[in-house]
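Form predicted on its own, single chain, as structure tokens, below.
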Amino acid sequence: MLHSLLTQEHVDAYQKDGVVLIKGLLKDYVEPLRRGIETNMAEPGTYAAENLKAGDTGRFFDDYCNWNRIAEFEDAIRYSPMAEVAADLMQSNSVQVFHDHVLVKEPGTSKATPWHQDEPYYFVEGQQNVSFWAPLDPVKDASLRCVAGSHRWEKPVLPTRWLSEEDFYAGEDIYMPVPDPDAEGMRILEWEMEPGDAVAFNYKTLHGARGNQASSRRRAFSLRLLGDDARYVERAGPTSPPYPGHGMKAGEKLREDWFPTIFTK
């Protein structure tokens, strides 16, 4: 039986398009997650970044891998419906945490989130995965934008660094150039969203977001989860997140002490 927030249409859309909207997934966690983000911004972690160049307006802050030091993040991860909903969408019997991610665009932020797929940055592969992107403020034009069906493309998209725009793995030719979905007429899915709604998307789904020209903040909490078939893979260079000293070998499941299983059917 599916979680009460889901219908079979949600699952079918996720499998077909690689993305689906889940209304109210984190509606009971909006205020705690806002507090967690304030803590995160006041006490940035190792990977915190300010993603603006000279001449850009506003502020675009992001940070990840903080859930085990910020209680509000851990509570949402362990006790919200996210893990059970993820299992249903992935059609997986188990759900492991990969990492959390906070993205904040202050009012008047000109910087767009570049088009990208997540999986090429990661040291994990598998068909059973899901990212949740949940705004903690109402969003319209600054919502997440996903290219339907891009999780089924034969060739992955070249990962680049958001600020410098350099290739993440220099010299690798296994990737396709980053496309321009608007110019190329691709089917882009995006939604006006309320705080606590969430977009669920596959690690291979091409996605991005516009800048935030609204008069209000756009705070988003994102969580990456893994299913039964997730396995560690070697990349051509340091991954993001890098998780130094993990000690895993190609083909292994991710180590439970660092990437705990939070749901089992």
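We number the residues from 1 along the sequence you see. Keep in mind that what you see is a predicted model, and the values were worked out from it rather than measured.
The next section is about a form of this same protein that is not shown, the form predicted together with a small molecule.
Contact check for residue 103: a heavy atom falls within 4.5 Å of the small molecule in the predicted complex. Mapping the unseen interface onto this chain, residue 113 counts among the residues with a heavy atom inside 4.5 Å of the small molecule in the predicted complex.
Taking the partner from elsewhere, residue 51 is found to have every heavy atom lying beyond 4.5 Å of the small molecule in the predicted complex. Within 4.5 Å of any heavy atom of the small molecule in the predicted complex lies no heavy atom of residue 240. Note on the partner interface in the predicted complex: the residue among 34, 217, 224, 204 having a heavy atom within 4.5 angstroms of the small molecule is 224. Comment: the small molecule is not present in this chain, but in the predicted complex one of 209, 200, 70, 230 has a heavy atom within 4.5 Å of it, namely 209. Exactly one of the stretches 76 to 84, 147 to 155, 114 to 122, 173 to 181 approaches the small molecule in the predicted complex with heavy atoms within 4.5 Å, and it is 114 to 122.
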